[in-house]
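Only one chain is shown below, in structure tokens, and it's the form predicted on its own.
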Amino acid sequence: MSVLAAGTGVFKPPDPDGFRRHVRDHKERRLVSKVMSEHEAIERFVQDGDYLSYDCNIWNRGPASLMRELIRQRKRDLWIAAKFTAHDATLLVAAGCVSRIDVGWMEVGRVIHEAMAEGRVQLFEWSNGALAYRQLAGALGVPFLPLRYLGGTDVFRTSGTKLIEDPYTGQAVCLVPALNPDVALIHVNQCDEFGNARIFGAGVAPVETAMASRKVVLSTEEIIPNEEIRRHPQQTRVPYYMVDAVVHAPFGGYPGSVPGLYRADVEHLMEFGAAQVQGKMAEYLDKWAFSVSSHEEMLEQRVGQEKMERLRAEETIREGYYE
């Protein structure tokens, strides 16, 4: 196989055999309860220096409660895969949790610009599809996958892709290296105590993210009986044997939305945007993360039952959403 060109970006090197060994030696295959608090889940399964991936961003079914717990525990030197991200990367950078970001699509505002200028954060450009393909390769246990784009672009030059001569057609084709994150954070609609999870509505790559990751922490709006999972097995998106921790987190996507359950808190998102523009992220983090001990306490003291009910009421509940 002839390599025609290669990008100069830094990337986490693929290790399909090492990942296979980890799954064989560390994944629980018995039906045992994995329910624990957000504090315990983050403390046990996220270490400083880990590569972290997640499915959706804070706007839509993102693992917001778990991210705030990362911040409370002051995790450091994380490398994140920002496939399609909005406020979440900014939030983690502002808290000093992240030092490297693989970028698919993300906002780059004042916080990230300043962090890059000061050398606290490095950005490596890929694309939404390329990062999803990298995780698909990781899930399949192969060292790379081919793509029919990126070659000849600025993204190609700054990423870790390679352009090779296709041994079948002789044409040029891009390869992206497999990615096996150390930990995945995924917020789901429903889950049983063992980790069988349901996701309703749009997602980026939740199944691939879970399959490719060494450790998987789920936060869930609702814990349902295993009998209900068995009654409708076709609705299970993430099976239990991929999952390491289950965290019960109603409104776990706040301030973003979970379609069918509650809409995003636009006032909160505007507060976040203003804090970034005005250089007041420290005050924002103190209010929403450091000054409360848990997700539940944040909801009780900072959001309130009245607002939560209003966010639920203003979201259109589709008939038969969970049926």
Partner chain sequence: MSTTRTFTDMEQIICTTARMMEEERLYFVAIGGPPLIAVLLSKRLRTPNLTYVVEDGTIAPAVQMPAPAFLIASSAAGYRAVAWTDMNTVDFHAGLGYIDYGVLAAVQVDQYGNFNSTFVGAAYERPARRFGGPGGANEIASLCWRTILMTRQQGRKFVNKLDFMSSPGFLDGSPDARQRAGLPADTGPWRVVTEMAVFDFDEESRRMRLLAVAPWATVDDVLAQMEFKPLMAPSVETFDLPSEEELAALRAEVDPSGRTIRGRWITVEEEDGRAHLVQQEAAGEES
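All values reported here derive from a predicted model rather than from experimental measurement. Positions refer to the first chain, counted from 1.
Another form exists, predicted in complex with its partner chain; not displayed. Remarks below refer to it.
Only one of the listed residues (E222, D182, E125, E193) places a non-hydrogen atom within 4.5 angstroms of its partner chain in the predicted bound form, and that residue is E125. In summary, among the residues Y51, Y284, W59, F45, the only one with a non-hydrogen atom within 4.5 Å of its partner chain in the predicted bound form is W59. Under a 4.5 angstroms non-hydrogen atom cutoff, its partner chain in the predicted bound form has Y133 among its neighbouring residues.
Although the partner is absent from this view, R148 contacts its partner chain in the predicted bound form, with a non-hydrogen atom inside 4.5 angstroms.
Its partner chain is not drawn, but in the predicted bound form it has a heavy atom within 4.5 Å of G152. Its partner chain in the predicted bound form comes within 4.5 Å of a heavy atom belonging to L269. Exactly one of the stretches 98-106, 223-231, 239-247, 71-79 approaches its partner chain in the predicted bound form with heavy atoms within 4.5 Å, and it is 98-106. Proximity to its partner chain in the predicted bound form holds for none of A41, V111 and A178, with the criterion being a heavy atom within 4.5 Å. Residues of 188-210 placing a heavy atom within 4.5 Å of its partner chain in the predicted bound form, in sequence order: G201, A202, G203, V204, E208.
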